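Single chain ahead, written as structure tokens, the form predicted alone.
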């Protein structure tokens, strides 16, 4: 093979496409792998917007520094500060670039890019394209990718599944093993750097707002190959989703950003139609408890409040639902939300323009993921542009971008920061990838010079796994194992957690790991075998689920989305640290260590969002008065 630097990007969402464009722009060829057509990647489901400070936001008194501060506070200071500084200060430039690419951002009547409110801020700083922002951004970046594809700089592999990183004897990543999901052909491809941009792990919870391809399997395979995980216990539950039999469908934070209100009847068990409940008999609990932020408190806080309100019997008709109400908004505002309102009407039959939506929290996002590194500038105000290790994992040559990367969101992601972090990773850290492969740093041997035997070893390894799965004649159904795993994870490691329940789940997951050894596939064919692909992923999901539980057990405090009923307070000493999880292959279990988090820019402070503690007592008195 000719020894020319080459990069592989795994994942066709925003982070993967942005990385592909940036690396190709730098003159390095890219092989782009995606399990689905890139325009159907999960980024297409993002609805609400993308955060950035612009001229209009500055006129409100907002700044890039404040965006950084909000992100750190939202993440309960578990995120590293130099990457967050860089991301938030790049944000205005990213919006300008997307605008020039043709993204149809909403405009004010004066022609300025419109802004909406989003959680964790009292300033309007979220740019949006109706309620389908992710789709518009994805399509714009796909067009740029096609441009480089037409020039021969990008080779797109759609319907290919990542199986394993190729790691040489020096511990450097030299490519991947992947499988064609149609022909089932398996092969190794060489690259001097591999970018993992494979998203979150919602499927291991059974039902979530994520797409069915978001299994976390790719991250789990990297973890089993020696890559570390950072904060895997930090899983975001979105406060507003439509519960469904098959999955949960997101009702974007943009509904609240445009003025939507969350409420329940003040009287328990009140089963009147919402229009028949007078204003003074409605409990707008987020507005009463958090008067400064109201319905725009960060997602973990809104989720817990909804959960506890329903647990206390105030849910709609005593069940697990609350109202998300936009009926009072002007039709012009409702039209901005058309994309999500159509989804709600399609799946429930009710028109939310005139009838309040019934919603409940659902698993939505993975703040934790593959551990990554960076080089900070001397004063910690950002990262060194083009530094080889920016968002590189502990395995040289293996990078993590987007949701699979743990770096930016800490213990809770602020809404509309996800699209920003994905595109920022691709554009800013994509240059680091290009520099790494061009400079040949830390390369004892380039991928092009590596012996064929290295790559064949990993192909044989993955082929042996397939043969074992197909030959298995056990009694266990992999889909049933997946269902049980999801139910266990939802019950133990979402809104609230306790030591006993987490330990129970940890034991159950290990039992399911044993059951997985004796599964039986319903399809043993050699063409488009989705049963094989899914079953293989179930085994990897079980190992990833184990890390989430192990991290949750070890972190004996409450921080952001990780809320322990038995440890309800944040405990900075000793837990203001990154949870580092390493795979012990000999014992097939996770091992946890801790990494200090420096505070060079913003000191730790309380994360209360102005909660009025007396609100709960006032509510009880009102309930008693109503009962009397």
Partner chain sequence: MIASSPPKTFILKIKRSLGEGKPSHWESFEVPIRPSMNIISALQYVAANPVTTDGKNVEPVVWDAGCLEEVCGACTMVINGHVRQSCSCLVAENLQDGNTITLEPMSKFPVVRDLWVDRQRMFDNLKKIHGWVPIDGTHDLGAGPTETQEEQEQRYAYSRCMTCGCCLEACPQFTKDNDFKGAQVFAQIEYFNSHATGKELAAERLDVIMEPGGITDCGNSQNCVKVCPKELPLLDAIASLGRKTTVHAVKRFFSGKK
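Keep in mind the model is a prediction, meaning the values are calculated, not measured. Numbering follows the first chain given and starts at 1.
Below: the form predicted together with the partner chain, not depicted.
Figure note: of the listed segments 455-463, 395-403, 471-479, 378-386, the one touching the partner chain in the model of the complex, with heavy atoms no more than 4.5 Å away, is 471-479. Screening 530, 170, 449, 311 for any heavy atom within 4.5 Å of the partner chain in the model of the complex leaves a single hit, 530. Taking 543, 536, 113, 116 one by one, only a single residue has any non-hydrogen atom within 4.5 Å of the partner chain in the model of the complex, and it is 113. Contact annotation: residue 21 falls within 4.5 Å of the partner chain in the model of the complex, judged by heavy atom distances.
None of the heavy atoms of residue 518 is located within 4.5 Å of the partner chain in the model of the complex. Contact check for residue 589: no non-hydrogen atom falls within 4.5 Å of the partner chain in the model of the complex. At least one heavy atom of residue 103 is located within 4.5 Å of the partner chain in the model of the complex. The candidate site formed by 439, 569 and 603 is entirely out of contact with the partner chain in the model of the complex, as no residue has a non-hydrogen atom within 4.5 angstroms of it.
Contacts of stretch 140-179 with the partner chain in the model of the complex, defined by any heavy atom lying within 4.5 Å, are made by 143, 144, 146, 147, 149, 150, 158, 159, listed in sequence order.
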